[in-house]
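Here's a solo chain for you in structure tokens, the form predicted alone.
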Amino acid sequence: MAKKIVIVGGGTGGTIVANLLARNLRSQISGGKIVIDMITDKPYHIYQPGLLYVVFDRMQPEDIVRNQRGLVDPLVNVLIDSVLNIDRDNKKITTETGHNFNYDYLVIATGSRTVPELIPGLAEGAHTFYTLDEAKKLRDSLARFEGGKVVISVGVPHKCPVAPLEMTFMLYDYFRQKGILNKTEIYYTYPINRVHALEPVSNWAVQEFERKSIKYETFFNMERVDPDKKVVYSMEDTQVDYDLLIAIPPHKGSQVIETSGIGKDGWVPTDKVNLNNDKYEDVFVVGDTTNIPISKAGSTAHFESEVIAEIITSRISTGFSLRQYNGKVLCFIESGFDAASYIWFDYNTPPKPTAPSKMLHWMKLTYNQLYWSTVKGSL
């Protein structure tokens, strides 16, 4: 009987795992000894870092969207459907349309979602940029904006930890180029005692803020927003008024993780080096879905995917694997329209942002195009 590998989720992590496994196990799949099924609830795939560029009209929506089936190796079966339940004890997946899948190996790649409803008034009073529609709405609002106070307020947890900083720096350049910087105040808030969770990144960002006269407030946890008065209130009993509010809503994992009893708030308990779910050695977790306390970023999913694909390949081929994940993450940080910084780190190496440069900015723009090769497992 063929061994069955099921991948739930078609984002960066799930797609890379599927393509790497198809490449590694091509002869066994062609010979009917292995079956790989991917279940994803969307027929399209979005390059999520590109949403920031859509906001500033530097990428078009069609630049960051591809058909999901076209990104996945033909040897992988792709079902566009929503998963209703994951039964790890019986190794069974149930979908909304009534399909049932059994598996020998399961990869959970269900990602994360914004939950603005946790903060009263946030959905009504704030712009954000985590979906294509939201990015386009913010783009259109910025086109009409002629000056005032712009507040960037951050909720936690959230994916792509540097995105709020990138948004702030790109806003600065946008207003400068539009000629309204002298009529605009940029105000940034963050929930802890610094402007970013990683202290070296925070120290670098503060220097950039002060150089550009961007105001900021720490220990500001959004409690509620009054869209009529245009005020955002904090749990610390402070408040900030705004003309334009750009919020980073708190995130949760997928609802199916909660309903299946796998993890609180949709985050799956995950071994930080072996990337398996608790005692379930045949269940692997990748990307935003994990509860590992590292950045929920595309590069994290990329490096985890490579490890998971190698572990499953080795297990099938030899019965064991020595491969482990070392916590590697790397990230470009746009510091405006024509410069970027860069960080990398792992479990043993702290991040150290480089000085912003045009070269790093162009490297980031190059990767925006190379992403499609990455998810196909070519890079």
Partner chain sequence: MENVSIDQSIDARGSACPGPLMELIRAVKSSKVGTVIEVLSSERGSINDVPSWLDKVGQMLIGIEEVTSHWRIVVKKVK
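Everything numeric here is computed off the predicted structure, so don't read it as measured data. Numbering follows the first chain given and starts at 1.
Separately, the form predicted together with its partner chain exists; it is not shown, and the next lines address it.
**Q** Is the gap between Phe303 and its partner chain in the predicted complex 4.5 Å or less for some heavy atom pair?
**A** So Phe303 does not count as contacting its partner chain.
**Q** Would Lys272 sit within 4.5 Å of its partner chain in the predicted complex, counting heavy atoms only?
**A** Because a heavy atom of Lys272 falls inside 4.5 Å of its partner chain in the predicted complex, the answer is yes.
**Q** Taking heavy atoms only, is Tyr347 within 4.5 angstroms of its partner chain in the predicted complex?
**A** Flag for Tyr347 set to yes.
**Q** Wondering, does Asn193 line up within 4.5 Å of its partner chain in the predicted complex on heavy atoms?
**A** Close contact exists here: in the predicted complex, Asn193 approaches its partner chain to within 4.5 Å, heavy atoms only.
**Q** With its partner chain left out of view, which of Val72, Ile86, Ala135, Met222 would have a heavy atom within 4.5 Å of it in the predicted complex?
**A** Going through each option in turn, the one that passes is Met222.
**Q** Just to confirm, with a 4.5 Å cut-off on non-hydrogen atoms, which of Pro161, Pro116, Gly263, Gly111 contacts its partner chain in the predicted complex?
**A** The residue in contact is Pro161.
**Q** Pick the stretch from 275-283, 151-159, 76-84, 122-130 whose residues have a heavy atom within 4.5 Å of its partner chain in the predicted complex.
**A** Every other range fails; the passing one is 151-159.
**Q** Which residues in 350-368 have a heavy atom within 4.5 Å of its partner chain in the predicted complex?
**A** Read in sequence order, the lone residue that approaches its partner chain (within 4.5 Å, in the predicted complex) is Pro351.
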